[in-house]
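First, one chain by itself in structure tokens, the form predicted alone.
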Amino acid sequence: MGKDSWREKRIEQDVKYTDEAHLKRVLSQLESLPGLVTPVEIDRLREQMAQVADGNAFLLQCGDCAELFSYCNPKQIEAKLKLTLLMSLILIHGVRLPVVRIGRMAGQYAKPRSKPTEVVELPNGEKRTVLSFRGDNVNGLGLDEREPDPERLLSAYFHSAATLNYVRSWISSGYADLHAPHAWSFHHVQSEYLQREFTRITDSIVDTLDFMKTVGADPGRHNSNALSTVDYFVSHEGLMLEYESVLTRDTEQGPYDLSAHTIWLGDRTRQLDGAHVEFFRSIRNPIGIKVGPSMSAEDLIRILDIVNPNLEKGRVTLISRYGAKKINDLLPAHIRAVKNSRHNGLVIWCCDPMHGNTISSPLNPSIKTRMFTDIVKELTCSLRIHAEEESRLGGVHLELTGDEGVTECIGGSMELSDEDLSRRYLTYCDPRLNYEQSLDIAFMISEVLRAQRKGTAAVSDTIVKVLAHTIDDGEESP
């Protein structure tokens, strides 16, 4: 097994380039460039993922469904970082554990598609069949940009490098100061009950931070670096194997894919005998595997045997994405299969409540959206099922954006409606949680896990119900 053994296997979601010589020149140039991350950083993440698998840390993986090259600008990068830090601070308050932060950024430029072509309508009403948009590192959104262009792989590398450079500079410059609650505003929250609960939690966080400052744990002091800087790792779906392979470097410990700290296998590329599984099993990076309705319990164990034969703790994150209507029927069997295998206690279970809950807008069927109630339901069902099966939900995987005023998912504490979607619908792929909805989710998870930790579920249950609009806001809450 080597880093190129995948070439002998069948490749799903492959991109066909018309000029193979051009592709080879680009890949040769990429192979000569430095890695985007380092083996030392990857090993640090491996250690932290082992802590998550042991229940001594919580995983927060979040970011855009599909990055565009235009997202590589200070405003949008900072917005995502600030939102991730706020969410992680809220989670730390509830779970009383360190949070491992992994962004879906600095490389999430490719997207799998169910069909290679799509039909588009021109301004004159004529319909044309064109190649599907596969992400900025393959082709463009414009109808005259749909032919795959190898030069876009180089653009993906340099945009990833620029994004990572800004992330590292921003964090090391002290902007990751965790005293952010002083600036929080919940004016968007329509529910008076949630307003009170959010304020209560925020006050508790501020009190804790003020106490730490009083006893000397001040971000300005040399011994308090953990309060003013954080680890931040990046990830993307490992879809473009040519790109991943040329950025993989052999070391004495084995091959490291230096395109990101961790990559994941999607639903469409996890064939047991396929090229993607073969590549993933060859690298030392922590990896993720999307687990959904099409995954049998038997195949789940088979793929774990393939990609983690040495039984490394925390190497594999199982990113479950069933949909709110299917999770109760499917998740328990998958948990039991893992518990009854040699991988028991080694994997991280991470809930992706987004991908199984995509629907068409009732008002405009051409627009994809997600109901916040379905997202809440899948998350809470996952938490409950893991508790019932004596398992552990170790993290959450979310598509979100820190961009201001985005309206792509229906519901949440700001009560977005279907009519609101057209106000600021910006995604070119899947709908994302906006800033306010993301904080709603963080507060909900924090309070549910806090209640599990303390054995008091009443308040957290009410928060879940209010966010999901299953009780009237005027109803008396515990």
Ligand code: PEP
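Because the structure is predicted, anything quoted here is derived from the model rather than measured. Each residue number is its position in the shown sequence, starting from 1.
The form predicted together with the ligand is left out here; the points below concern that form.
Inset, instruction - Name the stretch: of 386-394, 258-266, 119-127, 79-87, exactly one has residues whose heavy atoms fall within 4.5 Å of the ligand in the predicted complex. - result: Single hit among the candidates: 258-266.
Legend entry - Contact residue in the predicted complex, from 136, 278, 374, 399 (heavy atom within 4.5 Å of the ligand): None of the other options qualify; the answer is 399.
Inset, instruction - Would you kindly say which of 345, 405, 112, 362 lies with a heavy atom within 4.5 Å of the ligand in the predicted complex? - result: That would be 112.
Legend entry - Contact of residue 65 with the ligand in the predicted complex (heavy atom, 4.5 Å): Output for residue 65 is yes: heavy atoms within 4.5 Å of the ligand.
Legend entry - Non-hydrogen atom contact residue 244 with the ligand in the predicted complex at 4.5 angstroms: Taking the distances in the predicted complex, the answer for residue 244 is no, it never comes within 4.5 Å of the ligand.
Inset, instruction - Verify the contact flag for residue 104: yes if a non-hydrogen atom of it lies within 4.5 Å of a non-hydrogen atom of the ligand in the predicted complex, no if not. - result: Contact check for residue 104: yes, within 4.5 Å of the ligand in the predicted complex.
Legend entry - Contact flag, residue 152 vs the ligand in the predicted complex, heavy atom cut 4.5 Å: No, residue 152 is distant from the partner.
Inset, instruction - Scan 283-317 and note down the residues that get a heavy atom within 4.5 Å of the ligand in the predicted complex; none is a fine answer too. - result: The one in contact is 290.
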